[in-house]
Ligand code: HEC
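Next comes just one chain, in structure tokens: the form predicted on its own.
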């Protein structure tokens, strides 16, 4: 009877361990994707997507393009731009429910500017914005309408720029901004590394956020000399942040050395104590 009880307890313990390990694995695998699954479910409930997905290509294509866009990744669906009621099929395109439809060419900056306020201001003050309605590019010319592309220097390319003019001036601007973008990416990664180690990086994150925003204002500027000058100044600000990070690196290195010395000292003291004890024993 005692033996049976021991076997039962052993199997019960193993079962608990197995369940614990299984639960840990499930949390590790599925927990990170739960927000994405919830977002996907929420998007599928939007009647615009349900309806347009089943229509002929002319009307279903916008949904297909949108699925691969930065808007879809961030949970920004049809109604966020076009308005209307995303939960009511009958009133989805009712102006009384805020439906705006498709904007005319001149209205596109204001249409996008409801969310992208600062960017719209930069665009309107640029040579591109001043040519609005006169053959100049709008937001969707470079960023796309439904397959909205993430802002990066990749947008400054022959593929997009040569729709209107040659790539020479744009290439000079891109080259001037490339070093700055690489610095921003590198510093952002280093800050994230310190943050993951428990370091208070709040001020560094704020500083980088401000510098990055200043950098982004150059994306709509077509004045080569101005972009070069601003990029140089921004690089100076980034190097100040980098110097702070270097200081944190140095401090961490010194702590590691101090820790190693302390451990070595403790081991040496232990060894000496052992030898002395053995000598006088």
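Positions refer to the first chain, counted from 1. This one's a predicted model, so the numbers in the text were calculated from it and none came from an experiment.
We do not show the form predicted in complex with heme C (HEC), though everything after this point is about it.
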Q: Answer yes if any heavy atom of residue 190 is within 4.5 Å of a heavy atom of heme C (HEC) in the predicted bound form; otherwise answer no.
A: no
Q) How about residue 79: is it within 4.5 Å of heme C (HEC) in the predicted bound form, going by heavy atoms? A) yes
**Q.** Heavy atom of residue 120 within 4.5 Å of heme C (HEC) in the predicted bound form
**A.** yes
(Q) If we define contact as a non-hydrogen atom of the residue within 4.5 angstroms of the partner, is residue 228 a contact of heme C (HEC) in the predicted bound form? (A) no
**Q.** Sole residue of 210, 186, 127, 178 within 4.5 Å of heme C (HEC) in the predicted bound form, by heavy atom
**A.** 127
Q) Is every one of 136, 163 and 173 within 4.5 Å of heme C (HEC) in the predicted bound form, counting heavy atoms? A) yes
Q. Taking heme C (HEC) in the predicted bound form, which residues along 148-178 bring a heavy atom to within 4.5 Å of it?
A. 148, 149, 150, 151, 152, 153, 155, 156, 160, 161, 163, 164, 165, 169, 170, 173, 177
